[in-house]
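So this first bit is one chain, no partners, the form predicted on its own, shown in structure tokens.
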């Protein structure tokens, strides 16, 4: 009998583009997941079938790294990274069904990586600390797939906790569960159904390079600075006035967003959802104007949400350039809010969006 595993997608309440700057983030794992039915083999073959892609792919664990991008690389990369870490995994038959929307900024790729990694370990009777598994999956995406992502997505898929957000220190990987009371607040996810994929992949890596540039400039004056986490905006504001405009604005977003994350966690601990919503809305403006990772469609979705009664705050989530927004409302307002937002967006764009309420869920697990 196959064994069945699941790993969730995620939304980031606040802390956009802070994970690779070793900052703090405040995500929740969501109740949409990558499901994976898995059966061990007695050879070194991986046979992978994706329901969504309607394709079966086969490879050998010892095959060289592929030159072309393919959806199967996320699974192959995890198998490679596990073996690089000394894990003697065997071949497997894997059937994948992912109800985390692809390309929507909800981290369908991390859900796939983590579910595959967890399954491959369990099928070989191997165990691994969840934080270490997140590191393995991040390495697969960085080095095998070629996306220079931070560790937040994989860490949430591994360590998510029902009815909690996770305050994650992306330098130490310390995780503080923060209660997220869905009897008092609801998260409505709105998918614009638009993803500027070429911009997303190239500009994401460019933002990392721009942050590295800012750090190099700071280190000329303060050699002990490792990342933008180590400075505040007032500390660098004067020296940044002579930097190229793009570099200055990237540094301003990162350093001010870190303050917003801590303020948001404090608001969540107190149950002050109005303050949380204000901070989330402020974060969207910073992501749009200083980090320049929003899009016409995301900005429209946020603007339309702001016209609907019951909204506490709205912003883009994920890497940007399309995908989803998150919207905080009261739990009794959520269904009506979602319907009105979907109707308004379709009227403006002739695109029917996917809008739904999400709840905080647990991380990766074996379910059968």
Ligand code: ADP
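Everything quoted here is computed from the prediction, not taken from an experiment. Positions refer to the first chain, counted from 1.
Keep in mind that the form predicted together with the ligand is not shown, yet the notes after this line are about it.
| 4.5 Å heavy atom contact, residue 339 and the ligand in the predicted bound form | Flag for residue 339 set to no.
| Heavy atom to heavy atom, is residue 74 within 4.5 Å of the ligand in the predicted bound form? | Contact check for residue 74: yes, within 4.5 Å of the ligand in the predicted bound form.
| task | Examine residue 299 and determine whether its closest non-hydrogen atom to the ligand in the predicted bound form is within 4.5 angstroms. | result | The answer is no: residue 299 has no heavy atom within 4.5 Å of the ligand.
| query | Using 4.5 Å between non-hydrogen atoms, is residue 191 touching the ligand in the predicted bound form? | reply | Close contact is absent here: in the predicted bound form, residue 191 is far from the ligand, nothing within 4.5 Å, heavy atoms only.
| If contact means any heavy atom within 4.5 Å, which of 100-108, 183-191, 223-231, 204-212 contacts the ligand in the predicted bound form? | Going through the listed ranges, the match is 100-108.
| query | Ok, 112, 92, 134, 79: which has a heavy atom sitting within 4.5 Å of the ligand in the predicted bound form? | reply | Of the listed residues, the single hit is 112.
| Contact assignment for the ligand in the predicted bound form, among 332, 52, 307, 56, heavy atom within 4.5 Å | Looking at the other structure, the residue within range turns out to be 52.
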